[in-house]
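Heads up, the chain below is alone and in the form predicted on its own; it's given as structure tokens.
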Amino acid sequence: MNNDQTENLAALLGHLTETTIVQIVLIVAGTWLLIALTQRFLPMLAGKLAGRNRLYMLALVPALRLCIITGAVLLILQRVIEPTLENLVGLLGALGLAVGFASKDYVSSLIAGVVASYEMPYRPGDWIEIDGTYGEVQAIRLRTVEIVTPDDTVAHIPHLQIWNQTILNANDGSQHLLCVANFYLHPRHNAVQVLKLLHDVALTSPFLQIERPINVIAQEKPFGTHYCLKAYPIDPRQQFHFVTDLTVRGKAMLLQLGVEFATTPAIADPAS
């Protein structure tokens, strides 16, 4: 920092009074309290809602937090500096120096967090996969997105990943999340019967979202026939129960039909 910037910064902070400092402390405390209240009570309120209303309510949390922080920064700046060109130059010089010493990745994650709040590649309630980590978005922080994996592990992923990683969003802000149950059958069977049977398995599931389509896709493999039963659960959180229900009941009904399941051929050990 050169002498001019040092003098500007000293002049910028020199007029601070005890009253101003107390006001700044109160603004910071009030900001922290408002953020804590929004992060606590909005998810509780969202839990009492269903469908898109729940997702919209959860999406308000990061947006409100950003608005609260922005408002607090503006209130503090009004008390710290007078809106003159000289003061603004001094402040920008100090901020530029601080950012220069900051971590490149950390700053990039903060910027990516702002971009994520605008572009919304993920929202609270979305089921996403980033760099092999899959789970439900619980919260969007300034630097990271917090997701809970199917085995109840909390993962904090920096927003920096949106610059260079593919983000897979299974439901993209809606209640529609496609689930797939796979069946591998011996080639000798009545394919028409199997297609109808698997369709009925999905149609009679208590987890089925009846308004969405049911599809059964068949594909021949070297070891047998591969069937993909595709349908939508009522709520994305039911996806694992839904796939389990389709798999268990589908297997039981196929066995009743007398269909044999395929087995993949053993792979010879190169060392043998």
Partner chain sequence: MASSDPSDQDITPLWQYVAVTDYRPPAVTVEHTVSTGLSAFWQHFRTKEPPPETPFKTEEELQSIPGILLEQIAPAPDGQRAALALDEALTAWLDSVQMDQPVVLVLHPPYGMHGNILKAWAGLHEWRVLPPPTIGQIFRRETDWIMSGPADLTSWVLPNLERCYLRHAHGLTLVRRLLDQACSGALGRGVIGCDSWAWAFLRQAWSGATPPLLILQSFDQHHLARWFQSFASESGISDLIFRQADNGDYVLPPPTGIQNGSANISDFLQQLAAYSRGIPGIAHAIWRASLRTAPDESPKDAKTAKESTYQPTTLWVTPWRRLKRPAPTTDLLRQHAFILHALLLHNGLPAEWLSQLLPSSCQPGPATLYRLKSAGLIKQQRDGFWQISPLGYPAIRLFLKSEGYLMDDL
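Positions refer to the first chain, counted from 1. The structure presented is a predicted model; accordingly, all values stated were derived computationally and were not measured.
From this point on, the text means the form predicted in complex with the partner chain, which you will not see here.
Check your understanding: Val194 near the partner chain in the predicted bound form, any heavy atom under 4.5 Å?
Key -> No.
Exercise for review: Using a 4.5 Å heavy atom cut-off, state whether Gln239 contacts the partner chain in the predicted bound form.
Suggested key: So Gln239 does not count as contacting the partner chain.
Review point. Would Tyr56 count as touching the partner chain in the predicted bound form under a 4.5 Å heavy atom rule?
Key: The answer is no: Tyr56 has no heavy atom within 4.5 Å of the partner chain.
Point to revise | Partner contact for Met253 in the predicted bound form: the partner chain, 4.5 angstroms, heavy atom | key: So Met253 counts as contacting the partner chain.
Practice item. Identify, from the list Ala36, Ala29, Ile210, Cys228, the residue with a heavy atom within 4.5 Å of the partner chain in the predicted bound form. Key: Looking at Ala36, Ala29, Ile210, Cys228 one by one, just Ile210 meets the 4.5 Å heavy-atom criterion.
Practice item. Please pick, from Ile217, Leu45, Leu203, Ile69, the one residue with any non-hydrogen atom lying within 4.5 angstroms of the partner chain in the predicted bound form. Key: Residue within 4.5 Å of the partner: Leu203.
Check your understanding: Which one, 163-171, 139-147, 194-202, 114-122, holds residues whose non-hydrogen atoms are within 4.5 Å of the partner chain in the predicted bound form?
Key -> The contacting stretch here is 194-202.
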